[in-house]
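Coming up is one lone chain in structure tokens, specifically the form predicted alone.
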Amino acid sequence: MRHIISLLMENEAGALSRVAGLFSARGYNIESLTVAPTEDPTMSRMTVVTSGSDEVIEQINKQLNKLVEVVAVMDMNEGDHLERELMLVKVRAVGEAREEMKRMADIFRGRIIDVTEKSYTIELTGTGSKLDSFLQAIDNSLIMETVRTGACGIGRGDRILKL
């Protein structure tokens, strides 16, 4: 089962490497990983998307909690949460395809953020399945390049990850 694990960690050199090393040393796969400083510049928030049985996820959480730099760990799947991903996709946009790409971007609530004579770059945010649906809805031969951030998540309501 797919899990989104958020952790609050000290913002210092090597911390990301130690978390990634924990996963690789135990043969666990990281599907996506995002990390950035929080409102407190001494802390970073890392979001790791991984898959595994309940036992594997429990083991990952225990191992993460043992790392010195890790201050707090939360499995987003254990409660209500919001999840989003960002995708930039560069598409060929010539002739009739130009209007079709504008229409598809509008349907999926995307924004065209760069325009050239032959291409558009479209920005989309949403769940991974929404972004996958956009890619399936457009002609694959028109896709020039795709960049995705991976998922990030936050608890709903009073559910927070904080010291």
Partner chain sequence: MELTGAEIAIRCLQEEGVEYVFGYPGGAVLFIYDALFNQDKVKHILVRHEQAAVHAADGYARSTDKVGVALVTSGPGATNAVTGIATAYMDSIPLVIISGQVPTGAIGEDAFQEVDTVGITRPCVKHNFLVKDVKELAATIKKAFHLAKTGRPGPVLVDIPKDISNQKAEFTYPSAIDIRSYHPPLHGDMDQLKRAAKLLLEARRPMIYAGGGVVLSGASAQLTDLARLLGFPVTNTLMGLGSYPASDQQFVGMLGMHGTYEANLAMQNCDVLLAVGARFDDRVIGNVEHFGQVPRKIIHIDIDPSSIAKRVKVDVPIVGDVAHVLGDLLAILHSSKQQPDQQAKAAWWKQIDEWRGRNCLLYKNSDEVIKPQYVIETLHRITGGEAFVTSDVGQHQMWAAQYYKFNQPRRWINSGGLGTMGFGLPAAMGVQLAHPDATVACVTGEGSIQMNIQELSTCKQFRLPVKIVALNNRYLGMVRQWQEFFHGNRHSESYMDALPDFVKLAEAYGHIGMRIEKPSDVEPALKEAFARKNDLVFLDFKTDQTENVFPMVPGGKGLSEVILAEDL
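Bear in mind the structure is a predicted one, so any value in this text is a computation, not a measurement. Residue numbers count along the first chain shown, from 1.
The following text describes the form predicted together with its partner chain, which does not appear among the structures shown.
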| query | finding |
| --- | --- |
| Heavy atom within 4.5 Å of its partner chain in the model of the complex - the one residue of Ile107, Ala36, Val94, Val68 that qualifies | Val68 |
| Contact assignment for its partner chain in the model of the complex, among Thr42, Ser53, Ser129, Thr116, heavy atom within 4.5 Å | Thr42 |
| Asp139, heavy atom within 4.5 angstroms of its partner chain in the model of the complex | no |
| 4.5 Å heavy atom contact, Gln59 and its partner chain in the model of the complex | yes |
| 4.5 Å heavy atom contact, Thr121 to its partner chain in the model of the complex | no |
| 4.5 Å heavy atom contact, Thr146 and its partner chain in the model of the complex | no |
| One stretch from 60 to 68, 129 to 137, 98 to 106, 45 to 53 that, in the model of the complex, holds residues within 4.5 Å of its partner chain by heavy atom | 60 to 68 |
| Residues within stretch 134 to 163 having a non-hydrogen atom within 4.5 Å of its partner chain in the model of the complex | Leu163 |
